[in-house]
Structure formats: structure tokens, C-alpha cells
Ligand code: HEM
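Here you get one chain, nothing else, as C-alpha cells; it is the form predicted alone.
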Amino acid sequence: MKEPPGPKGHFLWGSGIAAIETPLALYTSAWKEFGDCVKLTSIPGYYWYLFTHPTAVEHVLQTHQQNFRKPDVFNRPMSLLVGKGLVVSEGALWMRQRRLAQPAFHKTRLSLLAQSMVDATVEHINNWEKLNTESVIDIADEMGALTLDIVGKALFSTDLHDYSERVGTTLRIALEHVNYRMGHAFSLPEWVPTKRNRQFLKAKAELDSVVMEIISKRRQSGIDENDLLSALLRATDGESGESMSNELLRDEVITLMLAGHDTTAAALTWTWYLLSLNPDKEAILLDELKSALGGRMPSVEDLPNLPYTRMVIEESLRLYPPAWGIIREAKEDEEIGGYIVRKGRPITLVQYITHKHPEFWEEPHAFMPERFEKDKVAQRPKFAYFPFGGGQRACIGKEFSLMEATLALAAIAQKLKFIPLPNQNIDPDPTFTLRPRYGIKAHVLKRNN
């Protein structure tokens, strides 16, 4: 078996600096020049692979998933934020935590959270409706505040208004640090009091304090609030009979905050941007909302009657997947797509590219929610689209996030329209979650205007 082709890059650091500073541009250009299997190099002796074809993605994430693991280059920086949460745990610990958390995400359980999601959204709608037409908001900031409130109500039955600034700011600082550490393996450890390390440790301590405060209050009250926190507190392992410790519970709660807040906020931000560029698709969306809801707020029972609304979210996730890349490493030498993949070498799977692969997507850069009609989905390979990963390690919060985004879109779009200001630089920033680098400034217009 042979090694995949790839760019030579700089004679000293190969493609290493580009992978840190402009990863989307690097991976896109490498794919266009060398195809679906690429070998990229960094400092002498270090290299990694890029695979973009759905067959290779399926090989890594599903059919041969037992042969791959999340590499230390991801796990170590990420564990600084989420401890031993599901996103980084491996082996027996991961299996145990997944068993404990899974019941909290059962469809029946999630349906109980829908009303709290809508209630949080209505509060924000009321605030936006008070703005005059000259007011300027940042859609990314507003969606972040909205999804943080939704997470507070759905996960904790807690109004996070008092925590909003603390959590939103600290989470962003922490994520930026984690992303930095992923790209700078030889940076100084956190105990060295550099400015960056001090900022991260302060943010992490603040985040831990908020979460542990919420957990402690719930344990003391003993009340079942029918939220995800109550489900996690009650969960016991069928094999050992053990429940989660406070530390593991904290780690999973922070993991869920990332999934329910940061990634969904990014998805909604890109959705409003795409709708503003495609008024014909927006009109179809509004027709569905008028027919299905008639101006009232949506409920969980309405979701089956909002297929186009869901397709709008799915198409937004295709073009701008918040989790834009996945990293794994082979436990032993492996063959993928006819090429050798060496043991211990990182493998990058990039949704941002695969979701636009012209072999599977007609007009790949166009916003066409109709792509997600059932018959069209059935014609594509399963892993031509994987915004939530796949296989055993697929995101446990997938349905939570999709329900959250669909209900929020349905509720807001009936009442308001976001009109981005002209001449903005809308640049996707792959710093952990794919967000608009400079936000998206916009006016808010009431639909009846």
C-alpha cells in the first residue's frame, strides 16, 4: 500500500502553520489539488491525513470505528475544559458515562423540554420587538444569549440571566484556549502563569463555580424538575449500580452546555444569514409556518408539521457545520481508500468539505433546503452529511440541538426578520466552533412592518 499524495509545504514546517492559522483554506486547497485522500506534513517526522470521501468517513466513524480513537492532541486540550466528559473519555469510562446519560436524551424525555425552549425564545422575541428599526444588533451575540437561556431552562430549570455574562464570556475564553492548545502542542503548561494561562484558569474556575453551584442546589432540594440535570442525577449504572459523582456530573453538564449553547447558537446565526440571502427560500419557510401555526408559538406536537423548517436548519448545518472537523487516529496500521494510514497518526475528517463534495451535492454552495426531502436523502451516501459525527461516538445531544434550533427558528421567523447591514466581512472562523469571525451586524424588523 502507498501513502496518499499531498502538498510539500514549507521545507521546515510543511503545512503546520497553515493548519493552525487557516485550516479551512488549507484543507480545501489540498482536497482540490490532491483529491479525497491527502497526506499533510508539519515539522520533520510529523504528518497527518485528510479524508473527505463519505466512504472513508464511514470507515473511520462506523464500519471500523473500533480501530480508531480520539487522539491525545484533541483529548488533552479538550479535557482542560470538560474533564472526563463524554466528548473525551475513552473505553470503559466512556461506555459507563454513555449508559448513564443516554436515558436523559430519550425522545419522550426531550419532548418535555420543548415548552421551556419556546418560553425562553418568546422572552427574547419580546425584547427584540422593543427595538426601533435603526437599532443594530449582532446576530451571533443574540443567538448566543438565546441558546444560553434555553440551555438554562432545559438542562437546569434555571434562569441563567444572572449567569449569562459569566458563562458566555468564560466559555468563549475557555474554548479559544483549548483551540490554541490543539494547535500549539509545545506551549507552556497551564501552571506556568502566562497571561493566556491565567485568563483560561480564571475562566475555567468561574465556569466550574457556576455549574457546581447549580448542581449543589439541586442535590439539596431533591426536587425532580423534569430537566436533563434531574435525569443525570437519578441515573444509575445497570451493571455497577453507581451514579455520577459531582465531578463527572460537572464534566457532563459543561459538555452539554457546549452542545446546547455554543454550537446551536452558531447554527442559528448562519441560518438567519442564509435566509437573508435567499428570500425565495424564506418565503417558503414563512408559508409553512403560517399554514402550520397560524401565528401562534410552536410546540413539540407541531414538529412533524414543520418539515421545511427542519430542512432549513439541516441545510444551514451542511453549509456551515458548527463542528466543522473531526479528528481520530488509527490504533494500528490501517488501509483507507487504498492508502496506508500509519498507527498513531492523526486523521482529519472535514464536514465543511464533505458537505460540499460535488460528487454528492448538486450546486454545492447554493442554499437549497429541498436537498433534505426524504427521497433525496435516501439517494445520498449516509456520510455525505455528518454534522453530528457518526457511529457510537455520534453527538448524544443531536436531537436536543435540532429540536432547539427548529423551535427557535419557527418562533422567531413568524415575528421578526433580521436584515444584515451591507458591506460586512462575513468570514467563517474555525476557532473550535465555526462562527462568523466578526459577528453579523443587523437591523431587526417586525414582520407586520
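All values derive from a computational prediction rather than experimental measurement. In this text, residue numbers run from 1 along the sequence as written.
Omitted from view is the form predicted together with this ligand, to which the following refers.
Self-check item: Which of 36 to 44, 52 to 60, 389 to 397, 416 to 424 sits within 4.5 Å of this ligand in the model of the complex, heavy atom basis
Solution: Comparing against this ligand in the model of the complex, the contact stretch is 389 to 397.
Exercise. Would you mind picking the one in 326, 212, 182, 286 that has a heavy atom within 4.5 Å of this ligand in the model of the complex?
Key: Of the candidates 326, 212, 182, 286, 326 is the one lying within 4.5 Å of this ligand in the model of the complex.
Exercise. Would you kindly say which of 121, 309, 263, 170 lies with a heavy atom within 4.5 Å of this ligand in the model of the complex?
Key: Here the answer is residue option 263.
Quiz item: Any chance residue 322 has a heavy atom within 4.5 Å of this ligand in the model of the complex?
Solution: So residue 322 counts as contacting this ligand.
Quiz item: Just to confirm, residue 143 within 4.5 Å of this ligand in the model of the complex by heavy atoms?
Solution: No, residue 143 stays farther than 4.5 Å from this ligand in the model of the complex.
Quiz item: With the cut-off set at 4.5 Å between non-hydrogen atoms, does residue 94 touch this ligand in the model of the complex?
Solution: Residue-level check for residue 94: yes, a contact with this ligand.
Quiz item: With the partner left out of view, is residue 105 within 4.5 angstroms of this ligand in the model of the complex by any non-hydrogen atom?
Solution: Yes, residue 105 lies within 4.5 Å of this ligand in the model of the complex.
Quiz item: Along 244 to 271, which positions have a non-hydrogen atom within 4.5 Å of this ligand in the model of the complex?
Solution: The stretch 244 to 271, when checked against this ligand in the model of the complex, contributes 255, 256, 259, 260, 263, 264, 267 at the 4.5 Å heavy-atom cut-off.
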